[in-house]
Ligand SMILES: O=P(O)(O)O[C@H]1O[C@H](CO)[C@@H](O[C@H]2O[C@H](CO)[C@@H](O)[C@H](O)[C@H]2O)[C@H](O)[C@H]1O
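Here's a solo chain for you in structure tokens, the form predicted on its own.
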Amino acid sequence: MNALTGLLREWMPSQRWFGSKGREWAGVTEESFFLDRSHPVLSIHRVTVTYSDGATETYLVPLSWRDHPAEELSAALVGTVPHENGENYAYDAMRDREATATWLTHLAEAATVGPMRFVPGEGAEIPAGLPGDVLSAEQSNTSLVYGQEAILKLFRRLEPGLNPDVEVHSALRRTGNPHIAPLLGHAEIDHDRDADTPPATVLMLQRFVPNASDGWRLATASVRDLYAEGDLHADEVGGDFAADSERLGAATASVHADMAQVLPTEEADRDWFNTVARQMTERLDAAIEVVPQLAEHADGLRAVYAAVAENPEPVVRQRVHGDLHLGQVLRTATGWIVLDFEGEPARPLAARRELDSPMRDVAGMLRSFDYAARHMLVEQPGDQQRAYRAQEWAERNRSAFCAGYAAASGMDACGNSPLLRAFEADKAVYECVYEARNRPHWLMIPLQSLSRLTAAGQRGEPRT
């Protein structure tokens, strides 16, 4: 193992974008090339990790290099590598502002550098020459904001094939949909050892959305306003969020409609319903091993899933967002923008590109409203007054979202749909596993939701 590979093996597991924390490494290999030989030197590394169970993952790691330490980059230091005249200092290039303009320069020039090809969007105005500032809140990717002009997302985990985020944004750009940030370009990288393997998407560049507010922050601020007004209902509080929720529902329906227009669709057959029900049941069985508290809901959940297999409602499968929640939307002065169409990054790329029901996205947003309403109950789980008000806020905003979706789509998104109920329940089961592993004190939120979902399913009632 060379010095750089050893450094990467020590450094990568501590990065937020590294998705396999805690897994035992059996080996690691690294392939690299130079993207820029000016100052600082910028190199691109494909690091393939082999785990003790035989699985492998490949990550993209850009590094900037200096022949002396840069004090202002101490937090971005990966380590030092010896050479004949001393040491070279390696830094995380996405956090090295001097190294960030290179991406836009190559994209504006439609350059090919080594195995990497830069593909600007047709007619796109790329702000070449601007340095970028890294966003710190992301988990699986790394993004740079270039002034008020553009935002670049670097996909850390590489998989062969076009990333859904690029594919969907490219298709939606043709529709002129007002609820997306236009795609300005992307880059891809060839597989070094197999010409038949499709290139992996490395990055995408979109127009930046200035003066926008994160949906989760707006929604939770509304909940705090409600809790502060002990004698007012949700519709009487100055921070009422229902009008925004209704507009968000309409925006979601608009995006779904345009995705169906420019990307493939297919009528769902009985095999698809059976497969969905079986996969949900399998995920539940696996989740019970992690969260034993799920066992008391198991019979009710299996009944909810079984209803999907017997579901008579017609469903047109299409491309969907795949991971829609309040943190994936921005409110601007003119409306809502939907972000991040790559789906759940932990799922294989092929699975994220499969056709699905738009109700999966609706269910994700309904679960997000429930989280926004109840996350402040975690610190005061016995406060019945707050619990009542949380339920009132959640019902009001979930209903408003569905009303907006129905008005824009002509489809009753919150009717008595066995499929939507099952999608919600499946999402809540996933949340239980996530909370048990990461935030055990939040586990009460999805568990309480499962009580309502299974009870409503047994009575045949709409979700609340």
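Note that residue numbering begins at 1 and tracks the sequence as displayed. Rigid core (definition): largest C-alpha set, two forms, superposition within 1.5 Å. Model, not experiment: these values are computed from the prediction.
This next part talks about the form predicted together with the named molecule, which is not shown.
- Judged by heavy atoms within 4.5 Å of the named molecule in the predicted bound form, the contact stretch among the candidates 279-287, 295-303, 112-120, 324-332 is 324-332.
- Comment: the named molecule is not present in this chain, but in the predicted bound form one of Asn88, Thr105, Ser140, Gln391 has a heavy atom within 4.5 Å of it, namely Ser140.
- Out of the listed residues Arg9, Arg16, Arg23, Arg452, Arg16 is the one that sits within 4.5 Å of the named molecule in the predicted bound form by at least one heavy atom.
- Shown alone here, Ser368 lies within 4.5 Å of the named molecule in the predicted bound form, counting heavy atoms only.
- Proximity of Asp36 to the named molecule in the predicted bound form falls outside the 4.5 Å heavy atom cutoff.
- Heavy atoms of Pro164 never reach within 4.5 Å of the named molecule in the predicted bound form, leaving it off the interface.
- Contact check for Gly132: no non-hydrogen atom falls within 4.5 Å of the named molecule in the predicted bound form.
- Once both forms are fitted on their core, the CA shift for Leu42 between this form and the one not shown remains under 2 Å.
- Superposed on the core, the two forms differ at Ala428: its CA moves 2 Å or more between this form and the one not shown.
- Once both forms are fitted on their core, a CA shift of 2 Å or more is seen for Arg283 between this form and the one not shown.
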